[in-house]
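Take a look at this single chain in structure tokens; it is the form predicted on its own.
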Amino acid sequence: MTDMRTAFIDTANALLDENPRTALVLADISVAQFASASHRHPDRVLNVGIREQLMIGVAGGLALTGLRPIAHSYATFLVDRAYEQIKLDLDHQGVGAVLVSIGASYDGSAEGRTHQSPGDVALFDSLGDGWTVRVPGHPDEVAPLLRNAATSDDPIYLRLSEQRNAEAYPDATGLRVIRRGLTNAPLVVAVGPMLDPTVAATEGMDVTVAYTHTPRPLDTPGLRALANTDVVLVEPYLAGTSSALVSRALADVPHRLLALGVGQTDLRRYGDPADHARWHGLDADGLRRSISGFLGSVGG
């Protein structure tokens, strides 16, 4: 069964062959998977070694020459470590790139805190509203999102994860209703791989569940059309990352918001991704406790 990383590698290899504008900048991660492409396109597949800041600087330079660079590594190295270069060499220069991460919030939890990046999307938010953020929930969403990004000159962050939903929704750029509640039912928005745990957690509840793999830009019209008094936001990164955007979109609508995601506190624990989902209350049981407590009832 194909995972998101494999889907990215297969699609990026194809893009390098198909489109002479496509370039790839690596920092030792996934180098073996692009070895053949580097022989075919030595001027467009570059490995800078364990120098993530340089990777972003090179991507910015390639973008200035008219190429469409893809930079790839673990989220914590690609975003957290290289944030200043993203801010200066891409954002401040006004050039775009496709940044593709693996590892997500805690896929690499067995490696410790060095491989955990729950705050990556919040860092992009600090740059303003120019970045598009894609958070696929299924491997089959990766290829169309990457191909779409490769045809653009905009700055785009593609956040891959080992966690996946059972079904793909490639068209869920905006909010797609997965399960509709009764009139005026609370709205539960699940981002990326949080859809399946959210659907399981809300089984039997009178709520509308909507899904998106594109939290930036937030689908404000869709949110306003679906939201009533109570809104629950379930994100696979830092809890509350999208709270300000939801509140701004609903500024003239009386509402309550529950924002669920990875907790602010560093747990200082290893474990596997399932452990961390449970510790942060992001498994189905934890989500059900939080959502039912917020809404006051688990019944329909």
Partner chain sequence: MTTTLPTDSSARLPGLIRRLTGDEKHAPSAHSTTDVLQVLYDRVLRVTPDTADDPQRDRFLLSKGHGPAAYYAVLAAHGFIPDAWLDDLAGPASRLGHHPDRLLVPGVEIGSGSLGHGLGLAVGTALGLRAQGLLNPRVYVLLGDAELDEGSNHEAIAYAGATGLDSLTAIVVDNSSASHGWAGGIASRFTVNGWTADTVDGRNHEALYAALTGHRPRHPHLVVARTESKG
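Numbering follows the first chain given and starts at 1. Please read these numbers as outputs of a predicted model, since none were measured by experiment.
Note that the form predicted together with the partner chain isn't included here; everything after this is about it.
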Contact assignment for the partner chain in the predicted complex, among S243, Q53, S30, S38, heavy atom within 4.5 Å: Q53
The single option of G94, G204, G130, G112 touching the partner chain in the predicted complex, heavy atom within 4.5 Å: G94
The partner chain contact at G61 in the predicted complex, heavy atom, 4.5 Å: yes
4.5 Å heavy atom contact, L238 to the partner chain in the predicted complex: no
is_contact(Q85, the partner chain) in the predicted complex, heavy atom dist at most 4.5 Å: yes
Partner proximity in the predicted complex: E141 to the partner chain, non-hydrogen atom cutoff 4.5 Å: no
Residue stretch of 86-94, 146-154, 176-184, 196-204 approaching the partner chain in the predicted complex, non-hydrogen atom distance within 4.5 Å: 86-94
Complete contact of R44, V48 and T65 with the partner chain in the predicted complex (any heavy atom, 4.5 Å): yes
